[in-house]
Every structure is written in C-alpha cells, then in structure tokens.
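The chain below stands alone and is given as structure tokens, in the form predicted on its own.
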C-alpha cells in the first residue's frame, strides 16, 4: 500500500517578487552585428586607435592645407627664397618658426649681415647707425652673441655667433623692369609707406662686386673702409654706433639715382635697371609677406603644399592598389582554395611565374615604355597590379582551405546551396578579417615602394603640378645637413604613414577575427 503524499494548501504559497518583471540576464542583451562587434573590439586597441587618429590628421592636412591657403597654390614658386627655413608670422614673435638659422660670423661677415637692415633704413642716404639698423623691421640678425677674441701674434680677431632670418638676409637685388612697372612701384610706395626702390651703387674701387646689390657701403677687399663724416680710411670694428658710409650713385647736384635706362624704344617699354629691397618687392608683387610654415624646398616652392601634394599622391596610389588587389586577389584565391585539384595547381603555377618577376624591373619598364603615353602615375598603377594581388590571393586561398571542410559548409552543401553561395556567404565572411588586414597592410608597402622609386628617380614625380615624398627626400639628400627642414618634415610624415598604417592593419586583423567574436579583453 503506497503512502499518501501530503497536499500543501495553496494558502501556504506566496510570491517572493510579486509584481516584479522576471527575465534571464543571459538573454537580456540585443544581438550585435558582425561589424559592430568588430568596431567594439577595435576601440579597445589603443595603439590602433591612436594610429587611426594620426592617419586621419595627415589626410586632413593633405586635403585641407591647399584649400586653406587661398593666396597661392602648389605651383607658386620664388627662386630667391629657395631652401629657406620655416617661417610663420604668427609664431615668429615667440621665437619659433622665425625663419632663422644659427651661424658663426667673422667681424666683417657680421657687419655685412647687419648692413642689410642698416641699408633698408638708409633709403635716402642720410646715414644710419648700426644701432638704428638693428631696430629695423628688415634687420636679418635676430640674435648676436658676445664676441670671442682670438690672438694670432699681434693680430686680434673677433668672432661672433648669431641667428639670422634667411628671408631678410636676401637683402637687396638688381632687377630689370619696364618704365610702366617703375611708375606702379612708386605709386605703391606712396600708398603703403613702404620702400621698394633704393639708390643704385657706384661701380668703383670701393665696390668689390658690382653684381651684388648688398655692397651698398664703401668696401675695399671686403673690409669696410670709412665712416660717414670722412676722415682717414681705416678698418672698422663692429660697434652699435658705427655709421657705414654709403657708396650710392649721385648726379652732378648730389641727388640720389634710383634707376638707369638700359634700353627700349618708348616710354612704356623702356627698360630700367633698379635696386630693390627684395622683401618689400615680394610684398609688392604678391600682396603678402613671406610666410612658409614648413619653409621652402630646393626650388622655392612652399614645402607645406608640396608635402600635401605628395601625401595625396601616395595615398591615391596606395588606396587604388589596395582596392584592386583586394578584388583580384579575393576572386583568384577563392577559386583556388574552394575547387582545389587541377584548378588550384594551374592557377598556382601562373601565380608562381608572375611572382618571380622582380617588381622594380616591371616598374622600370613601364616607366620607360608606358609613362610617356599614359603618364607616370597610371603606369605605376599598372606595375603594381601585375603582381600586387598575388599575396592577397595566397592568403585567401589558405583561408578557403581552412574553412571549406568545416561542418557548417558541409551542411550548406547538403542542403543544396550552390558553390557561389557557399563561397561568398559562408566561407568568405570568415576570411574577411585576414583579407581586410592584408589589404590594409598593402597601403604602407605601396607608400614605401612608391617613395623608394621616386627617390631613386625611376618614377619622375617632380613637376610643378605634383610631387612625391620620395622626390622631396631625393632633392634634400645632398643638402640636408645645411637645410635640415627639407629632410625632416617629409621623413616624419612618411614614417608616420608607415607606422600608423601597420598599427591600423593590426587592429583590423584582431577586430575582424571571428574566433575573438564576443570575447572580452
């Protein structure tokens, strides 16, 4: 006889959380899409995020710098201001980007440098002291150290170190202009109160180089020989109260001569030889002062705009090559890996043949025979496309061999899915992380090889319309010790692009790795 099971009255039961909403925490979260999950994991990689920010900043610089500079474009060039140091009118009062270079001066060399500012103030021949010239806006000497005296027997020499503004150091130049231009300059001087035209200099024994417009004071064998007020000629020492005696041309009445006729048949076409303060002559012609935040290159172009153009070109080539390689490599590798057998064997042999051709030979041949017809950039793209997709195809092939025999692929095949659907819907998404990573890592490789080819001169990208970072580095390779900014700025940008794109690619690899999906790090 079985025992009777006691029955508990329902009055004995009570709800613990009556009125509360019950749910399972495990299923509380909404499903996350593949790309959102990848983005969440990418954000956790700090190095990749920082690299991405730097890449975005470089891209913004490359495309916004030409738009922000409304005064001139990348073709603007001034040969007298070639290889000049960085100069910013905004930052100059702070002592940075002041267009300055540190140099050592002999006493005669210092007087010559200071004389540019003195001569700029002595436009009317009244006589200006060195102390007054040092206060001039056109004084190139930014800083002068105390002298260091050296004794050699009875002779005592004084040497100085100082910092000179290389734009103002150009000083005075002789120019040949038409009479109509001379009249326009005079009108501009009256309107602005600035002086462009300065008295001509006598070609006599006191002028050691008649072609140098900066030899405006009396010299003999490169030594200042007299002061205003006359007296016995003597060697001069650098002193703030020194007054250099000018060697200006004057007519019979003692009036200063500012031009001389050199040819031309009419009043409008008459050619005048004049002596100009080039800093103000630049302002007269262009309407603004020299302001080059990264300095100028070896030809006189604005280095910041040339770098922006070089970055644009490198990114354009790299992204185009990456996209083309992604498409060709993905299709080629998918067919190899999925079908295998004789298909894989035949396509692999073709890949081996193409891979055995050195890229530099392909690029050189294309530049020799194709660049003249389609241009250097398209021919460079063709050279990359010939063999560039092989690496991507090999990675895709490996991934397909890895996944094509998985259970979910076999299940799809059993259910009657076609090969095309299995390839692009089931296997390819699982290979996407590797493919995207390889495509992203193609970009720094292309930038590096493109810069190398242009650096070696195989690819000619040094025109007025476009240039390359490699071309800028090549131009600076023989003179960078004297003009370090020509090498430093392009090298920094190129290095950042290489490092940041590699870090960015590593971040993409981890973000799109299916095995890490849903894993908390």
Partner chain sequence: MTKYVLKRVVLMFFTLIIIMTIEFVLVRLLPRELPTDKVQAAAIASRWEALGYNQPLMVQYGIYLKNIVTQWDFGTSWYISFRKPAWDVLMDRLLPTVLVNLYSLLFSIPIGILLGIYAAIKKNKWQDSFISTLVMLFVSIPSYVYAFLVQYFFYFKLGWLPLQVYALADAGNSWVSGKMFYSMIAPVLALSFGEIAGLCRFTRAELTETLTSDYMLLARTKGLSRRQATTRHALRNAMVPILPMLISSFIGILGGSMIIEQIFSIPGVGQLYLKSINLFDYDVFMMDGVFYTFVGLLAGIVVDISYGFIDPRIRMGER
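Here the structure is a predicted model, which is why all the values come from computation and not from measurement. Residue numbers count along the first chain shown, from 1.
Same protein, other form: the form predicted together with the partner chain, not shown, and the subject of what follows.
Distance criterion of 4.5 Å from any heavy atom to the partner chain in the model of the complex singles out 451 from the list 325, 451, 437, 399. Among 421, 220, 349, 150, the residue placing a heavy atom within 4.5 Å of the partner chain in the model of the complex is 349. Proximity to the partner chain in the model of the complex, taken as heavy atoms within 4.5 Å, picks out 350-358 from the listed stretches 254-262, 350-358, 268-276, 164-172. When contacts are judged by a 4.5 Å heavy atom cut-off, residue 503 counts as touching the partner chain in the model of the complex. Looking at residue 312, you'd find every heavy atom of it more than 4.5 angstroms from the partner chain in the model of the complex. Although the partner is absent here, residue 425 sits far enough away that none of its heavy atoms falls within 4.5 Å of the partner chain in the model of the complex. In the model of the complex, the partner chain sits within 4.5 Å of a heavy atom belonging to residue 494. Contact annotation for 364-382: residues with any non-hydrogen atom within 4.5 angstroms of the partner chain in the model of the complex are 364, 365, 368, 369, listed in sequence order.
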